[in-house]
Every structure is written in structure tokens, then in C-alpha cells.
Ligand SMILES: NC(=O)c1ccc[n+]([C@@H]2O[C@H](COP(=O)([O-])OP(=O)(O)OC[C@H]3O[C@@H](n4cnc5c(N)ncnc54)[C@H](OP(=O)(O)O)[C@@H]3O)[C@@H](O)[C@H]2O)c1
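Just the one chain here, laid out as C-alpha cells, in the form predicted alone.
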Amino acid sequence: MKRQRLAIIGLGKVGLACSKAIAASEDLAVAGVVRRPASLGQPMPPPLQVAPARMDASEIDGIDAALICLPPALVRDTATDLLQHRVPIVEAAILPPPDRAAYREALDRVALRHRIAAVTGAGWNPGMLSIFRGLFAVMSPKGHTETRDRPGVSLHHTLAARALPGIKDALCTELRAEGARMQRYVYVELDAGADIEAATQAVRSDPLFFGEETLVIPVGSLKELEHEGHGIVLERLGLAAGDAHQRFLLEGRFDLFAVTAQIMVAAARALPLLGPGVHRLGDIPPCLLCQDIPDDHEA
């Protein structure tokens, strides 16, 4: 099987996450990486040790498509240049709402002129979150949708954990497990010399946590955890076919960079099957985004 060769434009957190997603696949390969001139002499991080690093995508051979992993201000010019050189592109830029329509229209004109496909907004938001919202509305047309970031963060439990001995800082989240059981996850940054076993016992013995399923997880830095971790609760309440009390719930906590990379890679797989022009993630049939996912049907 011939692997689809993808160029990674920019090697920040999203670009590095894309490289890991490609390395974990069986049908994709990194054709090369475009880096800033100041970074060209630096060693390539895993898993890109053997990938060529160049200043411009035109210096990379055999590109089937490019993943643009740059700050939003740089995406338009880069995308336009790649399309003019007949390189299909995928990007996940977060642009201000007033600018999105004009940006897509301008890019669409270039893509149609050169008969090349492009996927824009192929990330979490914009991108996959909008698809989930739309699907919920399909199942319950009359109603309203609530979106809450960082799901289940319990301020009261967090403050209680922070006050316990041996704990420098804490963050408590809660998730509803199977059977409606509440599970609490307490991330703790310990005081110097503190013991995790003693801190765990202190948390589980506190009246606020007593009798609940509680997992205490030590971390080096809660600030880093808050930066990397992203959470979402998407809830739709409404009517379907005249019946009230319909409720649909999506809940998750995830690494935003890793999820964005996985979505971009899925969109890149779909590119060869898309017509010329700009496509939003929601325009792509789900079967094209799930090409490498096993078909797990229950008997």
C-alpha cells in the first residue's frame, strides 16, 4: 500500500502532535517539515529524526498534501501559496467569526482556479464541536444546547483538597460513570517532602469525599495540567417527534493538541476523494473521515 505523504508546515505543539499521529498510522508518512530559519539547525524531535526539514514546502519532494500548523495570522498566505503550487491543504486555524467567511471565500477562489481541494477549520472548534452540535440538533430539533468547558470541575471539592495537609495545590474533577456512579479525580501538587499515600488517605478520609469513588493523582504542575487539559460538556435538551424530555450528553476531557492533530490527519485522508475548492469539516461525509478506523459492530 502506497502511503500518503504529508508535509507538516510549522513544528509547534500542533505540528508535533500531527507527526505523532502520522507515525502511529499505517497509511501515512511525513514527507518533510517546514521550519523557521532559526530552527533549521536544531535537532528534529521524535518521531521526526529522519524527516527532512526545509525553509519552504517547494523544497520537499513528493508532497501529496500539507498540514498547516501555524499561528492564525500566517495561515492565509501559506495556504494560498501552497494551493497556487497545486498542493492540497488542511488547516485548523481559529479565526475571529467576522473573518471566517471572507477567508474561506478567498481561499475557495484560489483552490477552484487551480483545481485543488482544501479543508479549513479541521480542528476541535471550529470543526468537530460544531458537528456534534449539529447532530444533537438533528435528533432533537426543538430545544437548546449548552456548552460548558472543563467539565465537572468541582470548586467546592477543589478548595477542600487544597486545605489538606501535604497538598500544595489541587484540582478536583467529577465524571458520571456507568450506572450513574460519581467518580472524583483529584489532581494534587504535593508540598516538598510530602508523601502521596498520606495525601491520598487525607483526601479519602475528608467528609466531603468520604464514601465516594475517589482517585488521587499526583502531578508535577497543576498549571501545566490546566494548560494541556481541555474539557467539554455538550448537552442538548429538547423535543423529538413531539415527545419532550429528550436529552443528549457529550462529556470528555482530552489533550486539545492531540485531538486537533488526529482530526487534521483524518481530513488529509479524505482530500483525494474531495472535489476542488474549500471544504469545511462538516462538509465531508463521515465515512471519509473514518477510513482507518476498524468497523466495530456489535453482534
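Everything quoted here is computed from the prediction, not taken from an experiment. Quick note: we count residues from 1 along the sequence shown, nothing fancier.
Omitted here: the form predicted together with the named molecule. The next part is about that form.
The named molecule is not shown here, but in the predicted complex it comes within 4.5 Å of a heavy atom of Ser39.
Remark: Gly166 does not count among the residues lining the named molecule in the predicted complex, judged by a heavy atom distance of 4.5 Å or less.
Proximity of Ala268 to the named molecule in the predicted complex falls outside the 4.5 Å heavy atom cutoff. Remark: Arg35 counts among the residues lining the named molecule in the predicted complex, judged by a heavy atom distance of 4.5 Å or less.
Each of Cys69, Ile94 and Trp124 is positioned with at least one heavy atom within 4.5 Å of the named molecule in the predicted complex. Proximity to the named molecule in the predicted complex, taken as a non-hydrogen atom within 4.5 angstroms, holds for one residue of Met182, Val219, Ala137, Leu74, which is Leu74. Contact annotation: the named molecule lies within 4.5 Å of heavy atoms from the stretch 74 to 82 in the predicted complex, the single such stretch among 110 to 118, 186 to 194, 74 to 82, 205 to 213. Residues of 1 to 23 placing a heavy atom within 4.5 Å of the named molecule in the predicted complex, in sequence order: Gly10, Leu11, Gly12, Lys13, Val14, Gly15.
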